[in-house]
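Before any questions on binding or motion, here is one chain by itself as structure tokens, the form predicted on its own.
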């Protein structure tokens, strides 16, 4: 009896191994415990409308990336200047931004003028000051990386509005930064909430990163922006800088 059982067990193991084999080199074969192969946890940027051959139209094209609960404030340390800079943006998106830029979950401005908050943002100044050559060089190095990741594809490496997406014909009307005369607070507002065809970057960049990009944009407008001479003094703006530039304030 023991011999028969042993033989049966051996045959069963061989059959199981044979069933697990496949000619597909990319296949993992028979999955005894699928969750050991595939994480059941929700992953960002995955279309869960179709999983393992099963389609769920209710989930089609729905983003799986989660955003923090509304009104929560992340911890940014104990430096008062940093904490103040990183507090939630107090200006609201325009009343139409729920439809035009998908910000339906935001507290929108109730002012009938959709650009009321955008116009008011002209009074906002960049809280990140350029105080020395070393500090400015480090900031612009970081800004360049942020720009290449988030902006270059549309605005172009030179900030002339001729990025790869524009060259492909996918988008039009991207401005040349040299001709942009809006205030730095309006630049921030536009990046944070979006403007015209550009979507909101609030979920991609924190406030400090956006203000860092504002500095970078202003150097497109003025080649001397953020530059220091050998004595540690700010270099004067170029004659071609926008008339209302705040480059040396």
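Numbering follows the first chain given and starts at 1. Note that the structure is predicted; figures quoted are calculated from it, not measured.
Below: the form predicted together with a small molecule, not depicted.
Asks: Scan 92, 153, 178, 144 and let me know which has any heavy atom within 4.5 Å of the small molecule in the predicted complex.
Replies: Result of the distance check: 153.
Asks: Can residue 97 be called a contact residue for the small molecule in the predicted complex at 4.5 Å between heavy atoms?
Replies: No, no contact at 4.5 Å.
Asks: At 4.5 Å between heavy atoms, is residue 121 in contact with the small molecule in the predicted complex?
Replies: Flag for residue 121 set to no.
Asks: Can you tell me if residue 172 lies within 4.5 angstroms of the small molecule in the predicted complex, counting non-hydrogen atoms only?
Replies: Taking the distances in the predicted complex, the answer for residue 172 is yes, it comes within 4.5 Å of the small molecule.
Asks: Test of understanding: in the predicted complex, would residue 202 fall inside 4.5 Å of the small molecule by heavy atoms?
Replies: No.
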